[in-house]
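Okay, here we've got a single chain as C-alpha cells, the form predicted alone, with questions on binding and movement later.
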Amino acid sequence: MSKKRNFFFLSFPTTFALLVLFVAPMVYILINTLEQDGIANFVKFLTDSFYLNILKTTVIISLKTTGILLLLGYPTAYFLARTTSKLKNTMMIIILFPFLVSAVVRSYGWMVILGNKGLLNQFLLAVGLIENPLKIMYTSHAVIVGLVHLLLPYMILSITGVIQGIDKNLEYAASSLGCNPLKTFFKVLLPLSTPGIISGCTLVFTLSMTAYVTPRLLGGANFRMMSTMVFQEVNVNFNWGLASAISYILMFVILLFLVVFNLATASINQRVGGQKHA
C-alpha cells in the first residue's frame, strides 16, 4: 500500500501539469469547436480529396523518413553499443551536436546545399555527372532529407540503449552453436533489440507527422503537410474551426499508429520474454 502511495505522490506533479496544461486546453478547444460548427469541419476534411491527399502525403513522408532513419540508425547504434574505441565519446558528441542547433538554422543550411545553385548541384555539374541542375529544393525529397538529419539522433539513441542491455554472451553462444554472423543477427540480436527499434520508430514517426519548420522551409509554400495546413488555416484563412479539426484528425492518426506500435512492442516483448524463460 505504501508503494502505491509513494507512486501516487511522485507522479502527481507531472500528471497534474499534463492535465492542466495539455489535456484541459485540448478538451476545451474540442468542445468549443463542436459547439460552433458541430462536426461540419471534420466532415469537410474527410470528404474533400484535397485534404485527404495532404494527410496521405504526411503519412507517406513520415513512413519513408522512419524507414530511412532505421536503416541509417541501426548500424550506428550497434557500433556505439559494442565498440570499445576511444572515439566512442567523440562520435556520441557528433550525434548529439545537432540538438545544439535549431531546426530553422539546419533547414537553411540544407537550402544552401540543395538549391538549384547549391553546393550539391555545383559539385555534380563540376564533375560532369549532370548537365542541368537537379530540382531538389521545394520537393518531398528535400523535406525527407531535412527530417532525416533532424531526427537521426532520436533513432540512434533509442536503439543504442537497448543493444547495450543485450548480453554479448548471447551472441557468442549463438556463434559457438554454429550460427554465422548473419544468422546470429536475425535470430538473436534483432529480436532482442526490436523494442528499441519500435520505440525509435514511434518517436521519429510522431515527430515527422507534426514537423512544421522543415516542411515549410524545404518544401516551400506549395508543399503541404498537416502541420503547415493548421498554420495556414489559423494565420491565413482565419478558420479556427477547420484548423482545430485538422489538428484532432492528425492526433487521431498518430494515436492509431502508436496503438499499432505498442501492440507490436507488447507482442515482441512477450515472445522474447517467453524465449528467455524457456
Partner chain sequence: MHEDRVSLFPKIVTILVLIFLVAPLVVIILASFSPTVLVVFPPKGFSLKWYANIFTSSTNFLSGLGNSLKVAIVATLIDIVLGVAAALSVTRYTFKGKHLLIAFFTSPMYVPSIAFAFVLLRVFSMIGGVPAYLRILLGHSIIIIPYIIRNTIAVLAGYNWLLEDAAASLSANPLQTFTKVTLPLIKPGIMAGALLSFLYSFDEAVLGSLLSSPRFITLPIRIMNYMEFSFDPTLAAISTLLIVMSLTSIVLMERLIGLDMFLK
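Positions refer to the first chain, counted from 1. Computed from a predicted model, the values in this text were never measured in an experiment.
Keep in mind the form predicted together with its partner chain is missing from the figure; the text below concerns it.
Think of it this way: in the predicted complex, its partner chain has a heavy atom of just one of L46, I39, M251, I60 within 4.5 Å, and the residue is M251. At the 4.5 Å threshold, heavy atoms of T15 reach its partner chain in the predicted complex. Not displayed here, its partner chain is approached by L21 to within 4.5 Å at the level of heavy atoms in the predicted complex. Although the partner is absent here, S208 sits far enough away that none of its heavy atoms falls within 4.5 Å of its partner chain in the predicted complex. Shown alone here, V143 lies farther than 4.5 Å from its partner chain in the predicted complex, counting heavy atoms only.
Along 194 to 214, these residues reach a heavy atom to within 4.5 Å of its partner chain in the predicted complex: T210, Y212, V213.
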